[in-house]
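Just the one chain here, laid out as structure tokens, in the form predicted alone.
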């Protein structure tokens, strides 16, 4: 009598794993469950490794979260800084480039779930809030202020308070991500992300335009 073959496990833990595989799994779990509810056991299971393997690379959940941010968001900001430094066109085109680049590298990827996580949990986790603010928010605001400053100096944009404007300019895009990772599950007809981002940046630019400039002014000439 031939014995039945032994059942194979659905998956097996892997001994050889790169830190980037763990951070990729962590990103998925953080976005799905939030920071508070995420356990290192969950991340280990998603990555197919033991909890001890996670600890070989990361001392704590906080350090793992910081690694996720540094791996995905910091390179995107560095890329945006290069774009600003090398841009020689109009301030409007620079803002379009920044927003579209951000959407391509962050908003349309799993990293787009991190703003909602930070908004909902920063008060309870001041250490990661401070880290995110210093590593991500400050640098992103600096880029926005630079684009707005160039537009004001060239006469393309109206005079404005840069510290206030930097929040107003990017809020529609952050709120879109919050919507996508929360109430969008209740939508009967989903918003098209590309259409939303394109329309939002044009509306922002119309609000920034100095008197006598912009598409409407050109149409009257």
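Positions refer to the first chain, counted from 1. Computed from a predicted model, the values in this text were never measured in an experiment.
What follows is about the form predicted in complex with a further copy of the same chain, which we do not show.
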>> Taking a further copy of the same chain as it sits in the model of the complex, is residue 61 in contact with it (heavy atom to heavy atom, 4.5 Å or less)?
In response: no
>> Even though the partner isn't displayed, in the model of the complex is residue 88 close enough to a further copy of the same chain, meaning a heavy atom within 4.5 Å?
In response: no
>> residue 41 versus a further copy of the same chain, in the model of the complex: is there a non-hydrogen atom within 4.5 Å?
In response: no
> Applying a 4.5 Å heavy atom distance criterion, does residue 22 contact a further copy of the same chain in the model of the complex?
Replying inline: no
> If you check 47, 152, 31, 69 against a further copy of the same chain in the model of the complex, which one has a heavy atom within 4.5 Å?
Replying inline: 31
> Counting only heavy atoms and a 4.5 Å cut-off, does a further copy of the same chain in the model of the complex sit next to every one of 78, 84 and 111?
Replying inline: no
>> Under the 4.5 Å heavy atom criterion, name the residues of 144-167 that approach a further copy of the same chain in the model of the complex, in sequence order.
In response: 158, 160, 161, 163, 164, 167
